[in-house]
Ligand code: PAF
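The chain below stands alone, shown as structure tokens; this is the form predicted alone.
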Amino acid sequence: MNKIIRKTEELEQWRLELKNDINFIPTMGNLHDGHLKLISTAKSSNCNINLVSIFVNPLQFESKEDLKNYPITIGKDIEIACSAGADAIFIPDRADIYPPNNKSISYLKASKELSSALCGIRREGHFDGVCTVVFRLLKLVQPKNLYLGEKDWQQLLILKNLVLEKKLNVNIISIPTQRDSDGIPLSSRNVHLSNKERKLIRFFSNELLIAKNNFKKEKKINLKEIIQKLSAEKILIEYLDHLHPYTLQNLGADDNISILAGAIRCGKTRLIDHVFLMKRSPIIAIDGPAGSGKSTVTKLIANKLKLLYLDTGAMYRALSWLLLKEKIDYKKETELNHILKDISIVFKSNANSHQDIFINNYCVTEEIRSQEISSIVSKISSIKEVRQLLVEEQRKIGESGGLVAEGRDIGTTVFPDAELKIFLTASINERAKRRKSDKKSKDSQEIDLNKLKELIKKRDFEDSNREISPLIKANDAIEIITDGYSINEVVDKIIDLYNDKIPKEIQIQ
């Protein structure tokens, strides 16, 4: 039996009796398939208790008339929420959320930077009301996870900022904009649309989609042309802006991801929509010293996020293997340049869904992990001509993005514009133990642990002090020290960071 809660005292008692954490889905009622998706996503994500709130927040409305006209469908909402996976529903009245003369209620101000663009320009105080009610609800509910839709992108950014600013212990999990069969974003306000008005919002949403598809080819947007098309259909445009997706400020020349967002009015109904634009798909750059777990972590992330895995270290190892096989004196520039002219390095998936690396048609996946290769690869990778060749090859692979790459100079040299940069490291002791237990590296298993530590220290020194592309942490990289953490915990941490950096709408494209 689903629990219906109407008083804050009842909510507190219910919460204290729980043995599980709470997934919280705040709504203003008049639930539709977008809300259903939020609830069902929470239900399928974990074993937490799913709590849906239904409260029409008066502080979010521009006028009393707008508040009065908001659809109230409590009976239907309870039925929809329960069918989607809600374990409990909190339906407070205004006096419960904003008790009269209660000085403990914090009336908050939204981030000035984030609320001064898009909807915030004409809806003065709207986001202050959103922050006030969500902060109040979070204090009452004390959830582990807060589920929100990306349809209200600006609101999502503002609430993320609120959680960070107030140091609230809650994870924000977003879902992509949910659309009706005709392509318009699902909204509780859609019930007010006439057939003619719905046709206008459909035209508006379709123009955004057309602009997105054009951007994929041309890497530019013509706002004036879009506005002219909308105006020709007698669509009343409140705003249409092309901005940075996280600051909502003007774009920089090197920004890869952007947002094209607009608001229009159809009769008395105001509707918003947006699309994300990309010059290329996202890139994750993972750097770190030898033995930090980069390869294992990167492979798992690539698999989970369905990204291409680029093992740049394997490329340097493969070249080192070839130089040894061909007995090339890499210190002699003429010999080295001669063999570099005809180098072919490719990755291929094998029968086990793993990657094999081939150099000049030789499969060297196993051979490149020997201690002999480990002892020379740092010297060879510090050679200017070698790095120039392989960095160029790596950049070619990453031209269209959609990959996770690991190495020692990925975030600083190869992909300095990567959306997420990680510096993965661990103590010398931890890394030596990992190498010692690595069944793929037979040489490491036979070496004394203390000797292995010395070899790792030597490799670190060489990598960090080479003249070209030394191993250093990029200024904007997030450092993760993996001592004491399992591989899966590290992978989950990086995926959480990726989800925070990359809108879900982009991830499913």
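From 1 onward, residues are counted along the sequence shown. Note that the coordinates shown come from a computational prediction; the quantities given were computed from them, not determined experimentally.
The form predicted in complex with this ligand exists for this protein as well; it is not shown, and the discussion that follows is about that form.
- Segments offered: 410-418, 129-137, 328-336, 228-236. Contacting this ligand in the predicted complex at heavy atom distances within 4.5 Å is 129-137.
- Checking D152, D96, E207, E430 against this ligand in the predicted complex, a heavy atom within 4.5 Å turns up for just one residue: D152.
- A heavy atom within 4.5 Å of this ligand in the predicted complex is found for exactly one of N48, T27, T41, S469: T27.
- Proximity of T482 to this ligand in the predicted complex falls outside the 4.5 Å heavy atom cutoff.
- Contacts between stretch 58-75 and this ligand, counted in the predicted complex as any heavy atom lying within 4.5 Å, involve Q60 alone.
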